[in-house]
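Next up is one chain by itself, shown in structure tokens, the form predicted on its own.
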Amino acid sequence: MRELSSLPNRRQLLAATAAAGALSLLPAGLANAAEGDAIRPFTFHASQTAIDELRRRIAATRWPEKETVADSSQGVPLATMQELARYWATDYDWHKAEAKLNALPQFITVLDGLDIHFIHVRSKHPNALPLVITHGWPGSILEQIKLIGPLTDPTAHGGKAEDAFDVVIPSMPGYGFSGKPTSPGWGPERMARAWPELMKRLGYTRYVAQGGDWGAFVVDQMGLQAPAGLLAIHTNMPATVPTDVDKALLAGSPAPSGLSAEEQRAYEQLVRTFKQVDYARLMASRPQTLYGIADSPVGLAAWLLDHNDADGQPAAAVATALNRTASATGELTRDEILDNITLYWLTNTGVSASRLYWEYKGGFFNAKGVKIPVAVTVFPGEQYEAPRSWTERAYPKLIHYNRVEKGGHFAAWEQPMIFVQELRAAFRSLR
């Protein structure tokens, strides 16, 4: 990343971009130079200056004292953060992640006045089904890149040619290489309007959509808006909670009577989840106060690590990954965790990403009234396991429901092949 003072003027910048055939990362505003519906190639190369500054800041961290408990109930343990920081500052190599991204076709286009970055990979197989996938917080497009090969080239990954997808993965506004909104309004509802325009701009007249975490909110909103061409959605964080159950949860009341054993278990999981989301409450109320995560790499890393899944806070899948240096089956590793954190750091999107929580004013797990076809996969490590009974009521056109054996809140990142198999099955009836 170059310093602002060293950037050429706009005319020089556009000429250089055209000559190179690729768009380097630009500060907000400068990348809006293209007109109309232009789709511009994109690559990113972090400067050595930026990497050196990151390492310097990590080394200069002023550490607090050790927590006074023997577990993580006070937050990410000091020993965990210090070991991660040591590795991040000395042995970690961002350029490996950068090379993986730059090996993929990446683009920028303006949607509703904002630069949106996305990956777009077309399958070699005819009649591939177009699929737009939306990530969440504290994730990024890096959550889904392990899906791209198996989805676009299924015959090389245990599938059949008729399982093929064209894959589009946008960076949400304020995340990664997309633009940072300068005024309110970019919530899930607006993204749900922007993604169909993106698919139309790419030439697709029929497509499906997938999302987890915030991406699940986006696809639910797409389902509510039902744009022309959207055949169905798949969610791995379904919003299925009935009205009476949702009211009891928000009031802190006991579960309504008459719940089945499966529904009672889901209620108890939701009670636990709501006790672990103070980070979300802070971002929803005071995102601008989080200056520390823009100034301190270690502060940013700790903030991004301290979210929850069904097995704890910090999320058990992430905590386990910090001790995993490699995986032959695609499970999450330490470098992949740091790839994601480093992307936030290099793009300075810790605060801009947090504002999404402030933007959204609706409920989280309550049924939204989606009427189009919906596919649902329930992962055991999700914040709650949606019962089939609730799911069928929330999504009356349910075309797929399956409970899988492994995976959690960031399922595509944690168990990519299980995730791929679910997407193949979920949308097979629509081909």
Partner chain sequence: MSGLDSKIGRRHRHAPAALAGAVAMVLSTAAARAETMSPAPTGIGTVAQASVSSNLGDTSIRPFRIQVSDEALADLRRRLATTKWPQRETVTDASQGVQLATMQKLARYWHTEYDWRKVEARLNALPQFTTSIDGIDIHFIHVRSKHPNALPVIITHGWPGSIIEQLKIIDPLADPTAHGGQAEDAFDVVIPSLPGYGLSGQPTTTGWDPQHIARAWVELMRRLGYTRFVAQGGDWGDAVSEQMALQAPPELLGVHTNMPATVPDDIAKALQFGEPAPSGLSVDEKKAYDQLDYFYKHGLAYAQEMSNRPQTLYGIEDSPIGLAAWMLDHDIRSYELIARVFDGQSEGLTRDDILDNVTLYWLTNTAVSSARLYWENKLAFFAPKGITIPVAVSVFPDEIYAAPRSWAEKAFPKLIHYNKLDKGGHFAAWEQPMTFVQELQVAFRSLR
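The model shown is predicted, which means the values in this text are computed figures rather than measured ones. Positions refer to the first chain, counted from 1.
Unshown form predicted in complex with its partner chain; subsequent notes refer to it.
**Student:** Can any non-hydrogen atom of Ala156 be found within 4.5 angstroms of its partner chain in the predicted complex?
**Tutor:** Contact check for Ala156: no, nothing within 4.5 Å of its partner chain in the predicted complex.
**Student:** Would you check, heavy atoms only and a 4.5 Å threshold, whether Ala192 touches its partner chain in the predicted complex?
**Tutor:** Because no heavy atom of Ala192 falls inside 4.5 Å of its partner chain in the predicted complex, the answer is no.
**Student:** Can Pro184 be called a contact residue for its partner chain in the predicted complex at 4.5 Å between heavy atoms?
**Tutor:** Yes - in the predicted complex, heavy atoms of Pro184 and its partner chain come within 4.5 Å of each other.
**Student:** Any chance Lys66 has a heavy atom within 4.5 Å of its partner chain in the predicted complex?
**Tutor:** Yes.
**Student:** Answer with one of Arg206, Arg265, Arg281, Arg122: the residue that has a non-hydrogen atom within 4.5 Å of its partner chain in the predicted complex.
**Tutor:** Of Arg206, Arg265, Arg281, Arg122, the residue with a heavy atom within 4.5 Å of its partner chain in the predicted complex is Arg281.
**Student:** Considering its partner chain in the predicted complex, which of Gln74, Ser260, Asn323, Thr243 comes within 4.5 Å of it through any heavy atom?
**Tutor:** Checked against the cut-off, the match is Gln74.
**Student:** So, Thr235, Thr391 and Tyr401: all three within 4.5 Å of its partner chain in the predicted complex by heavy atoms, or not?
**Tutor:** Answer is no for this spot.
**Student:** Would you point out which of 87-95, 101-109, 310-318, 220-228 contains residues with a non-hydrogen atom within 4.5 Å of its partner chain in the predicted complex?
**Tutor:** That would be stretch 310-318.
**Student:** Which residues within 126-164 place at least one heavy atom within 4.5 Å of its partner chain in the predicted complex?
**Tutor:** The stretch does not touch the partner at all.
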